[in-house]
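Here you get one chain, nothing else, as structure tokens; it is the form predicted alone.
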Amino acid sequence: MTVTVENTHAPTSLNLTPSRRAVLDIVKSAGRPMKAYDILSKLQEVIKHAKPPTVYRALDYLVTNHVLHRVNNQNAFMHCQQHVECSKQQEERVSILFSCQLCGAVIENANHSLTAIIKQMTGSLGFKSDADMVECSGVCQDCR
């Protein structure tokens, strides 16, 4: 199944197999970052014989296509809160994930000034970064 994700410029076509669609729906409906084995547990309610490689392949595809993000400091995955911006500005945009250490909430944001500074710093060091995301952990407003 090919699904078109519309944005304000050009559509991005995703080849969403039933497994990919189910994983996307599970993570999206969670409203919070989910660990791979939690996703697998939910996936097995829909696809009885789903195994870990099924989940990891789906996650890899969805992260590569900027539909999900990997939250490294939680070892979890979340739905991209800014999919339109992430998908159309892949090379020139750095997203920032603010992760609460107490409740686990993650808020995604981007700042053009910070992106420019990071790009300038990596360029001046002759460093080619493969990251399009910075994680910042702390305590959210609700937990303070």
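It should be emphasised that the depicted structure is a prediction, and the values quoted were computed from it without experimental measurement. Each residue number is its position in the shown sequence, starting from 1.
Beyond the structure shown, there is the form predicted together with the DNA, which is absent from this document and is the topic of what follows.
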Quick one: which of 25 to 33, 73 to 81, 112 to 120, 93 to 101 gets within 4.5 Å of the DNA in the model of the complex, going by heavy atoms?
-> 73 to 81
Any non-hydrogen atom of residue 13 within 4.5 angstroms of the DNA in the model of the complex = no
Can you tell me which residues in 18 to 49 come within 4.5 angstroms of the DNA in the model of the complex, by heavy atoms?
-> 19, 20, 35, 36, 37, 49
